[in-house]
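As a starting point, one isolated chain is supplied in structure tokens, in the form predicted on its own.
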Amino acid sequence: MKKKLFLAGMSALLSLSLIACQSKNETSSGGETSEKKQTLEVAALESAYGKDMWTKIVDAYREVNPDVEIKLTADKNLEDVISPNMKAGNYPDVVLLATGRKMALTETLIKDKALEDLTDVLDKKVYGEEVPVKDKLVPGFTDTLATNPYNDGKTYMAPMFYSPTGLFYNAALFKEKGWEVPKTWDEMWALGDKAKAEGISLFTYPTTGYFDAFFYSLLLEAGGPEFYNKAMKYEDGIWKTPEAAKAFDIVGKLAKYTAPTTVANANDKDYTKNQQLILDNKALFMPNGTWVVGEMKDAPRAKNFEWGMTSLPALESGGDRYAFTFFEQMWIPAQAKNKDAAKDFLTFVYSDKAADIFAQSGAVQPIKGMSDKLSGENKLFYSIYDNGAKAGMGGFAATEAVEGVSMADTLFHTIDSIVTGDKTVKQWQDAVEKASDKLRAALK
């Protein structure tokens, strides 16, 4: 499970690895010669990709830069481990922790303007290579509010593992039934009626948190990138527009096609039961990301089960279809003690050596040419943009904290109440506009 990525609800497991290496005088990528070994504290979320890849990254960095001793903390509940130390003034030097998680630690630091400016890292050469970081990255990944949260042209978070999101399904079931994957929402509703006649629900979702990428894609389909960016910046009246209404109405109709057990299991403890509905042919589609394959790798499944993934259907025939890209971020706290060494390490994670290590665990970075190295299911998933889908990226602009206001709770978590019928689509839409009004006044 992401937030996800990734994985609230799992038991905590703290791994602390202290790697000692012989001290040498060696020129760093910044051109300075170190005279004594530095200790660099690296904290990384242990997600579905596992902890082992981070240990290998540390070993690989030791080989190219033996002047740095790495203290690695990798944990499934990383916030619980590092937050107490941060409150005491002891900050990690480098952190891999995405936005969108329940504890919102990264968002808190963004709001407090407590992140180091990483713009200069993009111009640095990748550690051990001759190419600048910016020349290795896929275009667009450092031009979003997810990496430039203050919309000031500066990068504060480095894009890391990315995962195309979309609707996941059992391709074997579609082949068996002779069903076509819907290309429009009208086709989706028709398929929902057909599946219902056979006792199969059209839709389920792990938790409402998975509606972020889903709803972002809907907004892009309904109004395009310019409209989407206005929504992300809380423009006055944006949630009352016809474009926004289309997105709300689609989710409202989809609620009527949602598997009846979904809401009961849409929590951090039981979300895999909803994912299991796809494997058991009890529901056709669910919003998710590529990590779901690893999460469910040991789960039972229908005979001949085969993962399939598609972008959201278009609003009309020939219309744009979107598959939102969720990606994790790596950052340096403004109060880190070893910022220069941290930036050197940050360049290394984009090296060919590091990228291959990550990819072996299924963690794919937005590095040019990486998709060509993939095979099997990952090849299928990461080629979604080669099959007509457009990529959506970036989330809401950073704001000052507003007591009692959470766009995530209002926009996404309310969907449980839409499915149960406890709230109407209009009530939901009105609440989102009110939350947007309050957050607009608090923009950074």
Partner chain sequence: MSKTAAKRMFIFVCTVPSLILLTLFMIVPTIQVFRMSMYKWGGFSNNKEFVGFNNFKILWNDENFIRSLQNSIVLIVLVTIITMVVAILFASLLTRENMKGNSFFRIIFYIPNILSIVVIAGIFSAVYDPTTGLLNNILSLFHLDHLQKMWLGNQQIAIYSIGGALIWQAIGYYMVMYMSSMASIPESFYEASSLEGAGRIRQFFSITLPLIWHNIRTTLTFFIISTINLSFLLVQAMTGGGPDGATEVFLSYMYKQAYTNSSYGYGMAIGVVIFLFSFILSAVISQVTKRDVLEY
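Positions refer to the first chain, counted from 1. In this text the structure is predicted, and so the values were computed from the model without any measurement.
Unshown form predicted together with its partner chain; subsequent notes refer to it.
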Each of 253, 256 and 378 near its partner chain in the predicted complex, meaning some heavy atom within 4.5 Å? no
For residue 388, is any heavy atom within 4.5 Å of its partner chain in the predicted complex, or not? no
Answer for residue 369 alone: is it within 4.5 Å of its partner chain in the predicted complex, judged on heavy atom distances? no
For residue 139, is any heavy atom within 4.5 Å of its partner chain in the predicted complex, or not? no
Is residue 162 part of the interface with its partner chain in the predicted complex - any heavy atom within 4.5 Å? no
Partner-proximal stretch of 172 to 180, 337 to 345, 82 to 90, 230 to 238 relative to its partner chain in the predicted complex, 4.5 angstroms, heavy atom: 82 to 90
Note: exactly one of 273, 154, 134, 353 sits with a heavy atom within 4.5 Å of its partner chain in the predicted complex, namely 273
Name the residue from 373, 125, 111, 246 that puts a heavy atom within 4.5 Å of its partner chain in the predicted complex. 111
Which of the residues spanning 406 to 426 lie within 4.5 Å of its partner chain in the predicted complex, based on heavy atoms? 406, 409, 413, 414, 416, 417, 420, 422, 423
